[in-house]
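The chain below stands alone, shown as structure tokens; this is the form predicted alone.
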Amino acid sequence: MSENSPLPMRNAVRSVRDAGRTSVLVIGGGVNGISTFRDLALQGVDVVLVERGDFAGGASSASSHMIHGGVRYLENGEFRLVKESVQERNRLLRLAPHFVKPLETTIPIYSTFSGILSAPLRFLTHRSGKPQERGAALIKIGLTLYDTFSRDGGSVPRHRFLGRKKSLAELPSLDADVKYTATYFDASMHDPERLALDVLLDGLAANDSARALNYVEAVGRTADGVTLRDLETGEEFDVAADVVVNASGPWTDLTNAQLGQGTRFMGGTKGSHIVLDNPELLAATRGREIFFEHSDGRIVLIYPLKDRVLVGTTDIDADPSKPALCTEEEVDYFFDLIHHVFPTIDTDREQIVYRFAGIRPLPRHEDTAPGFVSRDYRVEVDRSQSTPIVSLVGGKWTTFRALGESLSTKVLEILGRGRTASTADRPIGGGRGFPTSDAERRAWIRAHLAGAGDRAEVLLARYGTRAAEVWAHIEQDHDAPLADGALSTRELAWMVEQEHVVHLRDVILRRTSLAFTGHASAQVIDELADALADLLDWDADRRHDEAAQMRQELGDRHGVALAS
């Protein structure tokens, strides 16, 4: 992309470079950095967000796709976090109903009293010791406590317990040795990258002085700010700021090192997942998440998403300076746990359409067992130089709104400014006016997507009520299908012009679910590379490199084998 490229992203980079100053510079475009950016923009603060990759392309894209209260955090004694998490879960069900959906969750239980004596010791020491299964009595205590935090005035059903006979009647493929099941409600997040993008777009719309730059990296500290590098052009430029916010997740210490700070805040763990195209396993879940503890004491989950089954997760200490990969040993582990819960269902590697891994942005935990490391967050402030650096330590998807508000409040305090707006009841992006019943859905589509035909449901699922703007854009010119109808030429143009698309991987991995569902074939990659080449003015070499890099990334990082 040239200096004169019409892309909004390039224009934003030039605007920030030419201004040379902002009130707040946020480093890190994961969901927590984005949430902080939106909150500050709503307060009228002049704020710039920079992300060295694509927005929500790091830890935020490698989650379990869950919005949950964290019933297991009760055992850690993190009552404040559980309370905040369930409040934020219930809030997101209201504010982002296009992406956050209720999810019935069932725990298979194999004993009555197991773990009841060791639980207090684990609660006090946060060391796992010898793995011991949690029995029905302990789970009953936990879910009873969870109900007191979680029910949102009674709108969320209480948990329920069933014995073996009724459990197997509801879930016939479940292991016949199960003694009980416990069922409660949490929520799933269907498109985390698009939810983060909606939060970002809301921030940009709220404040004309707000700027968000992807593929721009913080590489050094100046006397009054930060040196940035545009990774698309290689250009470096300085931006002065009154406050710098380091929200780079598991890479917080690495970012601080770039800024001349020697911090040791982080101690993240790797979580891996696989996505299976297994209709029998999909049917066996009956639309529920199956959530349980494996024999090694780690929590695992199996649940349906986009006609696939997501299986995860591991909890292994990880080095953020190295890529996080889902290993063959982890795949074997996942197959073992599936067989444990659904012993009659066959799984094999041919059914894996996608695999992914990420590093949780957890605080340094020394000898605390990974499963007991706090999922809460804290804020560290360094005032040793004229521009304070505020570092975020921790954070999780469920609490991103509350975290962004908390971090923004700290920044406002440093700036000597007060809060003027709240996000507590502010719908997110395409969640505004989203139809929640079948009748409302049909009426909304008739009113806003007339003529879209079969694509209406796809657009509404991908954009929420923003689909009305997208469809209006599509109708303005000739449109042609792409990726077997999953996308179109005009919709792709919308993504480029409005959603900060810079690379082919932005579309395949994050603006759509093509990779996640196993539809990123070699043909689709080439087709989208050709279409983007026209939109982004790529020459033949750039177009070839984008397609080649996409194939390599799918193979090396996501286990997707494509014909060359």
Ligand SMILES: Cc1cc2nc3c(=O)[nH]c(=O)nc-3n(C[C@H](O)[C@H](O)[C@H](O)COP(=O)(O)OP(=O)(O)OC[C@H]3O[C@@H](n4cnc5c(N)ncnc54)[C@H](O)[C@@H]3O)c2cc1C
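Note that this is a predicted model, so its numbers are computed, not measured. Residue numbers here begin at 1 and follow the sequence given.
Below, we refer to the form predicted in complex with the named molecule, which is not included among the displayed structures.
This chain is displayed alone, yet in the predicted bound form one of D382, E217, E235, D147 has a heavy atom within 4.5 Å of the named molecule; that residue is E217. Though the named molecule is absent from this view, in the predicted bound form it lies within 4.5 Å of a heavy atom of just one residue from Q258, S111, T409, N207, which is Q258. In the predicted bound form, W251 approaches the named molecule with a heavy atom inside 4.5 Å.
Taking non-hydrogen atoms only, R52 approaches the named molecule to within 4.5 angstroms in the predicted bound form. Residue contact with the named molecule in the predicted bound form: C326 places no heavy atom within 4.5 Å of it. When contacts are judged by a 4.5 Å heavy atom cut-off, H500 does not count as touching the named molecule in the predicted bound form.
Site residues G28, V31 and G358 are all in contact with the named molecule in the predicted bound form, judged by any heavy atom within 4.5 Å. Note that among 469-477, 269-277, 489-497, 172-180, the stretch whose heavy atoms approach the named molecule to within 4.5 Å in the predicted bound form is 269-277. Although the named molecule is not shown here, in the predicted bound form the stretch 174-193 places no heavy atom of any residue within 4.5 Å of it.
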